[in-house]
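Given as structure tokens, the chain that follows is alone and in the form predicted on its own.
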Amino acid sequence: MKNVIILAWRNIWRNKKRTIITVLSVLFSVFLALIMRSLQLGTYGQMIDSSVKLSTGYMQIHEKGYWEKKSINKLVSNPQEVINTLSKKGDIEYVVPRLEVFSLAASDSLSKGVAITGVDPSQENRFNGLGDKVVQGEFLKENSEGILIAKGLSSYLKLGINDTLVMIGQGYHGINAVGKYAIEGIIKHANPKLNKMAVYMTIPVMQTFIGAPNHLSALLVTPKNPKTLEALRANLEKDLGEEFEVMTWKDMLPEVVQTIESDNMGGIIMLVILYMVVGFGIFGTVMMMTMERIKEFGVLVAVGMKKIKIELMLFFEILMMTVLGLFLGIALAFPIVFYYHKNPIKLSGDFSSSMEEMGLEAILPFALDSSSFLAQGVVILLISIFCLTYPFYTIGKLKIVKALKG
């Protein structure tokens, strides 16, 4: 075996030009595939992260039937018991409580429908950095009696810091929800829709507003590893029972899932085309390498070398060229992927504005995913092994006399 490997290494450098071309074709295909896939996966990760932090969280626990109708009468009545159960789970990082309702907000002469969210200021800020979005005034404190409103809503109602916002809506089990609150801060959301209708207050103030003390709409669960969501959901459904509904962001944001799946399919098609080009390049190299050496193979068989050893020698020749190109491609791509993973590309102009309108930060992040690197290597190796079917077939059918005649 050692002699076969040594012979294979020497053989690939007998025709240096062919070897270099083959290695470079593998190198550039791996390089382009890794850059393209890392950018694609990084964009998906940013889209998911932005979507879950703006709205649903990675996972929600709420009263069964709440999500379908968003009824204010379907609130969690024993949130502390649920929180105690969740605190015993080692794969949960933290829990964010929320109480959400819709209401009518009014100033002296204008009114508008708003989405009110009752939050725990410290946990909400930890989850989505809401405090960093404050552009005027101050972020909510634990004992705040006032509210935060979005900048677009503030402009529409012509209200500023310390002005009073009146809100009227439906409370728990049909009671009237009426209150007036001082504006403590104004926040700016990247999402235009949220920026025109978002209002925030502390959970105790919200519970008083709708007449539902000790009630919550949902508990947002942040797992230590988002990849374990399905296993965590199954575990929680078993522990919490049929009274509660456990939903992941994929259940609550199907439009995001569909967008990612359709775009991902386009990316896979591009990778397939790229690998087809590389596959034909490797196959061409293998075919030429086989046809040029028919007489050599005939001589080797004539002097007593078994065909299986010739096939093994060719296997190592292709493997060496492929692995060399593979490692050089990864070595070239990794520093670029790593750098842009830590320092995403910042966008400007119209593209930046369109991304911000979708609620996304105007950057192009790269994903540093080891499975992506491994996948490219496995695919290239499989293509190379498949290309060996031609020389293996040719050598298997080799006739010594015909081969020696060239």
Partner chain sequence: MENSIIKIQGLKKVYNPDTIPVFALNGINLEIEEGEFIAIVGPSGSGKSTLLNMIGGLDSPSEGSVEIGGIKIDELDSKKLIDFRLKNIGFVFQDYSLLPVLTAKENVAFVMQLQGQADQKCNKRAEELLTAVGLQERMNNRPAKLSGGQQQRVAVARALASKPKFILADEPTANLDSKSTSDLLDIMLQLNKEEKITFIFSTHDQRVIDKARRVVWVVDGKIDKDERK
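In this text, rigid core is short for the largest set of C-alphas that superpose within 1.5 Å between two forms. Numbering follows the first chain given and starts at 1. Please read these numbers as outputs of a predicted model, since none were measured by experiment.
Keep in mind that the form predicted together with its partner chain is missing from the display, and what follows is about it.
Mind telling me which stretch in 291-299, 323-331, 240-248, 208-216 gets its heavy atoms within 4.5 Å of its partner chain in the predicted bound form? In short, 291-299.
According to a 4.5 angstroms non-hydrogen atom cut-off, is residue 394 in contact with its partner chain in the predicted bound form? Heavy-atom contact with its partner chain at 4.5 Å: absent for residue 394.
Report yes if any heavy atom of residue 14 sits within 4.5 Å of a heavy atom of its partner chain in the predicted bound form; otherwise report no. Flag for residue 14 set to yes.
May I ask you to check whether residue 83 falls inside a 4.5 Å heavy atom distance of its partner chain in the predicted bound form? Flag for residue 83 set to no.
Flag residue 5 as yes or no: does it have a non-hydrogen atom within 4.5 angstroms of any non-hydrogen atom of its partner chain in the predicted bound form? Contact check for residue 5: no, nothing within 4.5 Å of its partner chain in the predicted bound form.
Any chance the CA of residue 313 moves 2 angstroms or more between this form and the one not shown, core superposed? Residue 313: C-alpha displaced by 2 Å or more between this form and the one not shown.
Inspect the rigid-core superposition and answer whether the C-alpha of residue 142 shifts by 2 angstroms or more between this form and the one not shown. Stays below the 2 Å threshold, so no.
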